Structures are given as structure tokens and as C-alpha cells.
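Okay, here we've got a single chain as C-alpha cells, the form predicted on its own, with questions on binding and movement later.
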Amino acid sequence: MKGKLSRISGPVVVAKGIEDAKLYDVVRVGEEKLVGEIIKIVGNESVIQVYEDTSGLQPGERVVSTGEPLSVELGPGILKSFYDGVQRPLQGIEKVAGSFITRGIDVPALDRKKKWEFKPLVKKGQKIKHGDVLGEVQETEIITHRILSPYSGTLKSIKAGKYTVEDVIGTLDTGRGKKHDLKLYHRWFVRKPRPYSEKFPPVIPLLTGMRIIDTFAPIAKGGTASIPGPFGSGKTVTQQSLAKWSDAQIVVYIGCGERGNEMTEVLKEFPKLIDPKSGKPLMERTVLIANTSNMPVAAREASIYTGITLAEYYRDMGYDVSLMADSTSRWAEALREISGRLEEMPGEEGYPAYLARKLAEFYERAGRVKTLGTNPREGSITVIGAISPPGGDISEPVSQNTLRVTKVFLGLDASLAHRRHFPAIHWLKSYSLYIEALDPYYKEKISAEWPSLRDEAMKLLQKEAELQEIVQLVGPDALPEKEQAVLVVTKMLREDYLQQSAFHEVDTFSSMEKQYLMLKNIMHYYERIMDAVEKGVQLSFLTSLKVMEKIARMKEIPETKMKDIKSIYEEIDAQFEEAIKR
């Protein structure tokens, strides 16, 4: 299993003489035992991508194969953790090596000393299937960790008690004289998707509390979304808002190739964020994977697979998981660098020819599924990937190949960000291919008129875009009063409905009921103003009605006072009736 280094090119090295070398096997490189992975085999030579800095390596140093692919440890203790791209815990590394990550450090992903209270849910002699829940561990105050069986067979023994992840909690007879010890954790190869029994269609929305998304570009549970945008347009803040407020139970946040100081802010801020649902820290249901732009490039490529495997594990427990990848552009750049060092034929803009396939493989691991096991559960992974196209140009390969496989496009607009309109998601550039599939849910759970209200509001915003071209030429006063009224209402839609502050105590989140009532009031105002203008009432008088200020402040009304938003509907009627009589 041992070989020797023969060639070194940055993170890509070549070793000769590794016996029984297999593609994607993990190896230990050099005297410091750097972690690497075999990505190409040519005759007696194995090409290896190393997940750590290779400076100082020399030809002739030995390379030892572990005999298994890159894998992660799945068990209690994942939540509240900060991992690097290959699941090494940053907290654990700090205890061993101090503030800086040293090369060749080997720290287990799960704490080997901590004891967990295990409560079995199965009995001795029971038939167990792969994916069955053996028992439970209270991982955090708000999340119960379900211990899943990695094998099928007959349970020979199992017992309650306090265990470390390495302790044996029971034994399983898998037939033909084979017995397996059961532990609180097991390992899984990151490039191999975890199996499930059935995939469901995307008919349930992931409710985010962000009006622009829930109204005009809804994301389905188990769906995929992309957020391309230029620097400073709000990708990271949007993803943090989604992590905090969406109705997913588990959050996996992958900081893939972002700037070190930006990732430091995320690592500092997340532990301070309070989960609005439970009142506990958001980290109680979150795992962070940090691989900054100044960390080894090969580990950046692995971080995406590490994150999606952890997400699949919690999905298999029956949880709804949202995975934030920030950003897939940096991941693609890592692929491009490694591909260049492998001297592969480059595709568009130097990216490897297989970029589209790699992106599709990643996003295809999203979905709402029925899990394996005797009593299957329902879980989901919603993947939301940020893209950082150079100069904000989404015609580049990463953006275009992502748009081919994702169903929601949240188009961040730099001009909106400059005008301090946040979230800077442009309503006309963004789209969702889930809208028709989700409409039956909205009709049943929210209101039968929600789809028509939404469609009418979008038509008005499209009309505004056409009118703005005329306004720029001749000014707003040259327009007929009806079209001026359209501009009044669309300004309400933009500023009083779509604009939302992530830092406002009340406005940071809007329930679907509140969104429906707000939109209903604005569209009702539109109906009344068009009717009044037709009857000859001056537009300047109608825009001075007191109810306009109440409409502008609807977003600041807390969820506990929905009656105040409902009452505005009648006030609109009353004030317009009075205006028409005059």
C-alpha cells in the first residue's frame, strides 16, 4: 500500500508504486502525513490532490494509502460544530495546535470523550433494516438525534446508558455468521449519495419569511435555488436570513472559498444569533463548514461534498434541512485550478469540461424523500447556492450551468443595493419554476385568491417597467391619471411590500398570513384608486388620504396584531367612499 512521491505541482502530486491503488482512495502524503485523495491512475502512477499545503514536500517521500475513499463521521456532536472542508473540527484543532491549523494534524470529527445518553427504540431479537432508528440521543436542547442502523439483520443485543461514540451499544447479526458491533456513529463516503426509498414531487413551499421570495419566487422544500449577484449586493445576508427564518429544522452552512475576514464574521455572528422559533442560539440546529480562499484549494472542492453528506444524514432522520453554499463560484475555481494542474483540456473560460456534470450531481442530491427502514420518515434537503460571477456577469459558465439545474433564480441587482433597497432581489429578473406546483398548497393553506393577487401584482410591476421608459422621456406629469395611479401603487409594492429590513425587529420576518393581508390591502387600494380616477376624482387628492400612511407602516405591525392589518381594508373603502362623494 506504500508508494513514493515522484512529482509535485502545488496541491497535485504524483506517487509511484502504490499497490492496489483505487480511484478516490484517501492517502497520507510525506513525513507529515498530509491528507490527499487519488483522482487519477495511469499505470503505476497515482495522481493525488492534497487537501493541505504541500510546500516543502520532496520527491522520494513516502505515500501511504488508507484503502478507503474520503468519508465523514455521522453521529451525535455534528451540530454546533465548525468544520473545515474535510470535516476536521476547528474547535478540536485549536485545542491541539493553537490558533493556527498546522499541516498533517489529525483530529477526529466527533468528540471521543463526550458521553451521550442513549435511549433504545428497538428490542433484542427484532428484525432491523438499513436506515431503521435504533434509538435517540438528545444532541442539543432543540434537536433529537436519531441513531440510524447502517446494516440490515437481527438485533442480538442493545442497551440504554451513557456512551461515547466509540462505545458498543449493541450487536447485529447480518446473516452467514457475520456480526457487526453497533455504535452511536458510522462513516459514509462523501461522493456517494445516501439512498432513500422514494422521491416526492416539490409541492410544499419552504416558507422563508422574505416577501420577495415567498410571493414572486417561492422555493419548494427539497428544491434548489441559486443566488447570483455582484460583490456587496447581499448574498451572504440573504442566506443568513434564510438560515434564521426559513421553516427548515437543520441548517448546514458551507463557506466555500469566501474571504477569510468575511468567514470570520460568520463564525462570530452565528453563535450570537437567536433562533426565533425556540429562543435558543441558532447554532443549536446548525453546522458550519469553513473553507476560506486562503486555505488549500483541494479542500475547497471537498467541502461541498462534506456538507451535502451531513445534510443527507439529518434528512434520513426525518428532518427538513436547508443547505447554504456560499459560494459555488469559488468551488468551481478550485475545480479549474486542479484541472489545470492535471493538464486536462480546458472548457469555456478555462473551467473543466465536466463543470456542468459536477454542478448537476451536487444539486441533484437535494429533494424531499421517503427514507429507508421499516417505519420510513419524510425528510428534505433544500439547496440554496450563492454564485459570485466576476463583475456580476451571469453569462459566465458557473452561473449558466447552475441555472440549467436549479429551479429558482434569485437575481440580486447592484442598482437596488446602491439605492438601499434590500433584499436587492429584482422582481422582474427573478423567477421560480415551482409556482404552479405550489399553488394548490397556497390555495388550501393561505387563501384561494393568493395566486390571483400575486399574478395581478406582478403584472403591475411589469407595467411600471414599461411606463418608466416613457417617464424618462416626457416626465410623469405627461402620463394619463390612470397610468400615474399605476406608478403610485407599484411604488407601494416596491417600498411598502417588497423592501424588507433584515435588521428590523418586526420587519425581518413576515408570515404567509401577514404577506397575504398586506398584498390584499395594496391590491384593494389599486382597485379603489382606479375606480375613483375613472369617476373623476383628482389623483392628487387620492394620494393624500390618511390610509396611505397606514399601508406604508403595515410591515412594522407585529404578527400578534393581525387585526390592525385587516382593519386597513375597511379603512380603504371608507376613505375612498368619502373621496368619491366629495
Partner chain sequence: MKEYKTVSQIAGPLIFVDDVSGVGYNELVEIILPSGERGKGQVLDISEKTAVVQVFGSTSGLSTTGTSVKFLGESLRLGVSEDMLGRVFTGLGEPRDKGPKPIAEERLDINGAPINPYSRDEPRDFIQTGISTIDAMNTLVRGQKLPIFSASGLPHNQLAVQIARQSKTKDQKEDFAVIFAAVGITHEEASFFMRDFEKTGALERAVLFLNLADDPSVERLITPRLALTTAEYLAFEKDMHVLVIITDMTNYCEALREIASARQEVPGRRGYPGYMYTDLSTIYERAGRIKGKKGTITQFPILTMPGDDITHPIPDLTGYITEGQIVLSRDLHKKNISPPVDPLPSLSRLMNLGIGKERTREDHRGLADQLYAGYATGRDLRSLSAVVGEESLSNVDRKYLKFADEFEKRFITQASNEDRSIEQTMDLGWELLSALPETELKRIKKEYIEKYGKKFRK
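All figures in this text were calculated on a predicted structure; none of them were measured in a lab. Positions refer to the first chain, counted from 1.
Although not depicted, the form predicted together with its partner chain is the subject of the following passage.
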Just one stretch in 238-246, 390-398, 119-127, 160-168 has heavy atoms within 4.5 Å of its partner chain in the model of the complex, so which one is it? 390-398
Looking at its partner chain in the model of the complex, is some heavy atom of each of Q462, E464 and R528 within 4.5 Å of it? no
With its partner chain left out of view, choose which of S511, N375, T264, S197 has a non-hydrogen atom within 4.5 angstroms of it in the model of the complex. T264
Using heavy atoms only and a 4.5 Å cut-off, determine which of K482, H418, K280, R357 is in contact with its partner chain in the model of the complex. H418
Although its partner chain is absent from this view, report whether V474 comes within 4.5 Å of it in the model of the complex, heavy atoms only. yes
Close approach of T54 to its partner chain in the model of the complex, 4.5 Å, heavy atom: yes
Quick one: does R176 come within 4.5 Å of its partner chain in the model of the complex, counting heavy atoms only? no
Is D132 near its partner chain? Define near as a heavy atom within 4.5 Å, in the model of the complex. no
If you apply a 4.5 angstroms heavy atom cut-off, which residues in 293-309 are near its partner chain in the model of the complex? S293, N294, M295, V297, R300
